[in-house]
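Alright, two takes on the same chain below, each alone as structure tokens: structure 1 and structure 2.
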Structure 1
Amino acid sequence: MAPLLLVSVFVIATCGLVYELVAGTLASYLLGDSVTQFSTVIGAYLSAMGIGSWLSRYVRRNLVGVFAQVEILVGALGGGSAALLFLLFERVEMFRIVLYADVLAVGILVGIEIPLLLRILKDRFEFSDLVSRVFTFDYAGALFASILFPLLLVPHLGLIQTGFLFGMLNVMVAVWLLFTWPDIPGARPQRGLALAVLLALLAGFIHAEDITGTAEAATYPGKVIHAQSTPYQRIVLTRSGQDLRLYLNGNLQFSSLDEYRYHEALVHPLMASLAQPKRVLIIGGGDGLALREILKYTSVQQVVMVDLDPAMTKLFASNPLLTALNHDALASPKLHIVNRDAFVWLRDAAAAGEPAFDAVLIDLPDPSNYSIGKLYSLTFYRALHDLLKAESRIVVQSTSPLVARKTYWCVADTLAAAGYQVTPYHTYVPSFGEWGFLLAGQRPWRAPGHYPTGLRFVNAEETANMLHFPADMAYVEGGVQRLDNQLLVRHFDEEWSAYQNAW
């Protein structure tokens, strides 16, 4: 019996570390900033274990019974915590409090386990022998868990199922004890409880899919590797295989597999058409991907990036996966980041005599609401004149001319009404579909004779393709987006909902 109990140390240790890893991973998934989250969770967990060890001294009688109870509790709480945290994430205002309460509770219970076991076994082994055996199993279990977790558990089971699985293991230790250990006071009702918890965990394990289904994280095709709510938006980063995707408020912003098509098409027809672009303005584009392309022009001396959300620029300047993607563009000494509302900044900058820009790239989310609609308005494009010279040029990402034809041409009409000569073009981006852009300037745009070397998609031939609009995307009158009519937002809403309903 006693040797078997030593094996249970192994199980307990594995479970304990798995709970810790699950909580740490969840915290960095859901709250972002993995280093901080991980280390805070682990710190909290370790200190809770200390509290647990200390509390174990107050257990005087019925050591085995109490140990079994602790196992049931740890199993239920630790095993269900991943599911619980996922479900509560969207609903609870102070998610952090719930998270840390959970971590503390599980940590305390896990902390009680080993000292109790030591005391249960102290009469059956010699002390030094006992300590060495228990700790051997303990460390072995921890090692086992730390290898298993990233290689097998997370990829194959996911966090929620992993949680339930190890919860069941914990409870099974209790079941085994309650059914085999002689003379545990009150063993009968506890057996019932243990079995009920076991069944509940099993049900959770089987229905884990449904639980994740209701949780936000599962609404994304890939695995969520970063999620963060800022005052402005919800930033979610997913990964599946080589594909890294960014979602803002649930809308896809790019896929790492084909973003080069989008960003080359956005940047180069504009930049390569300018003689010696020196000062560049990017409105939006906090992911640094357009910037990566811009920095291919050695004439560029300064880039001002106006992106509302500091969390975006911070994330894309620090996360190694993302800095690899944007070639660390956000660290460029030529870059000046302004985390302000673009329209407000524009008016202030113009009033303060900001020198003119040679190129302006407007890479904003689609005009899906009245707030963002302001940045597509006649007034905005007119205000932009103050920061331009006669030869300066603008490019605007302007949604899909195929899905939202009127929307696209409405942006074109608006630019024209603001006094620009407009050149429409489009390209195919697999993860987006047909995508549209608009070039605008005081003078007509002429296709560049050559492009920087090393581009993967854009070249002179491709440019000619991009300028051609087949009949189903050809010009329709879109009208002018004004602040007082928000025509564009109405078009967008109409066209995209028709498209979505059609599927």
Structure 2
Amino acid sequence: MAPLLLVSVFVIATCGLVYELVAGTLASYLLGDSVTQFSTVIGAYLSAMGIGSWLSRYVRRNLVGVFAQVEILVGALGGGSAALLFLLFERVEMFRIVLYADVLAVGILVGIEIPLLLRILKDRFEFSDLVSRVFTFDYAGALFASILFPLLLVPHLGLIQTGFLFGMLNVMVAVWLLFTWPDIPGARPQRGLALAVLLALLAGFIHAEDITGTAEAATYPGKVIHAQSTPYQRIVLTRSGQDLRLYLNGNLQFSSLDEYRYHEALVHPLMASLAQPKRVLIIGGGDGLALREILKYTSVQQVVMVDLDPAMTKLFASNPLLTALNHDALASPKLHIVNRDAFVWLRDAAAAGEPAFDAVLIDLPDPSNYSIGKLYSLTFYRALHDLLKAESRIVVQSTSPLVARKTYWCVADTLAAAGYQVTPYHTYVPSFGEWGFLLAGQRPWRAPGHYPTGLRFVNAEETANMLHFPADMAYVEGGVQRLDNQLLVRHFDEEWSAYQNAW
């Protein structure tokens, strides 16, 4: 019996860390700013575990029975947390209170587990041997969970199924004890409760996709036609009539009704200003929509696309609705796709002597967290110099200069600090509002006089309008985004949070 109890330490430690990782990941998906969310969730969870350890002192009898009760409760609450929080996100105004109440409750229950097990096992091992054994299994379980979570659980099960699976493991520990440990007071009703909770968690595991669909139906306008969790993000596609929309981690990336405005504005002021662009680098842009516009230039011989998530490029290269939208651009023989972190790839490409590019388009999500923020940093922009010619140019999508004015000009200040001559411009995209871009190069940019035929939006007159900034979008000092301060991410969070709260 004692060896199996030690194995149960491994199981409950794995479950406990998985609940913590699920809560942190879910908070990042729904609330943004992954560093802040993970820091506060982990801090709250560990503090709650301390409270649970302290409360365990008041359990003075029926230790095994109480431990079994704790396993049932933590399995039910921890296992169902992801599903509950997803369902409540759009339905509860004070969602953060619900989130942290759940984190604290699960943390308190997890904190009770190890002290109770130590007391249950104290007569079976020497004290020093007991402590070393229990904590060895505890830490091994935590390591196992930390490896399993990003590599297998999130990409293959998703957060909701993962929660239900590990909730079942917690309850199975209770079931094993209640059916094998002799003379547990009140064991019979607890057995019935444990089996009922186990069946409920199993039902949740089987119907996790239905639960996710219900939650996302309330979150996103239109019908969800594709939803996928990857190691990097949550990808959701919706459709409402002729409007096809892409969301990454809950943030709108484009609407098919007006994406041409955004992508023509992103691509053509840069590309049309170059004499004969031959090699082009796209950082991000896994939807292939910017690439669609680039391929309108017959001089282009090669395009390298560096996009972190292979699920994105695969989806937009295979789904008929999406290939119709991007004109099957991702199947172009001119394209070479690299699914790597752009920060790492850039360093390695420069070291390997990658030939210089004529144009670089940086079409990344907004800098809502530190992992994306590094791709807007002074270090990143300086590293780009190694892959540019004297006449090369880059363009950066830079969020809204109206809603996030300081954020926008922070990107401009960072590019200038990296040694570029910067030309700011903006345009109106109905799905987003006023949206900003920044052209940069070692030489001044000159507005092109001609554009490819067949464009729906951009022309010479519209380009001139894009260069005008009214007073409410005019320059303000934004500061420089550095890796060690992530000023840009803080600006973004403050400005967009204030805008969303105002509505």
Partner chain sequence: MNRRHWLTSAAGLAGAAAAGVWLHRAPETVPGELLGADHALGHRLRGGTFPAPSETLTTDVLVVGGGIAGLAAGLRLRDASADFLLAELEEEVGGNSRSGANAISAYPWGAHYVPLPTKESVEVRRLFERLGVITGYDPAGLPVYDDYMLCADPDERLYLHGRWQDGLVPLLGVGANERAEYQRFFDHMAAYKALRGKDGRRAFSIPIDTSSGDPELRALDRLSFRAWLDREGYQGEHLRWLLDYSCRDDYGAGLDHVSAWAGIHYFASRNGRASNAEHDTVLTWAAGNGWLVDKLRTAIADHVRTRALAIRVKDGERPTVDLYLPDENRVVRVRARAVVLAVPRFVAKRLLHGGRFATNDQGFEYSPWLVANLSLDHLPSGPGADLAWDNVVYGSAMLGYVVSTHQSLAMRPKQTVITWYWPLDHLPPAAARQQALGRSTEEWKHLIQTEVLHLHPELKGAIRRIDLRLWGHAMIRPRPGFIWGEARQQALRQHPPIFFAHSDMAGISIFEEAYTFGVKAAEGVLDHLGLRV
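Rigid core: the largest C-alpha set superposing within 1.5 Å between the two forms. By convention here, residues take numbers in order along the sequence of structure 1, the first being 1. Computed from a predicted model, the values in this text were never measured in an experiment.
The second of the two standalone chains is derived from the form predicted alone. In a rigid-core overlay of the protein, Thr423 has its C-alpha displaced by under 2 Å between structures 1 and 2. Core-aligned CA deviation for Leu257 between structures 1 and 2: less than 2 Å.
In the core-superposed comparison between structures 1 and 2, Gly65 has its Cα shifted by at least 2 Å.
Look at Ile42: with the core superposed, its C-alpha moves 41.8 Å between structures 1 and 2.
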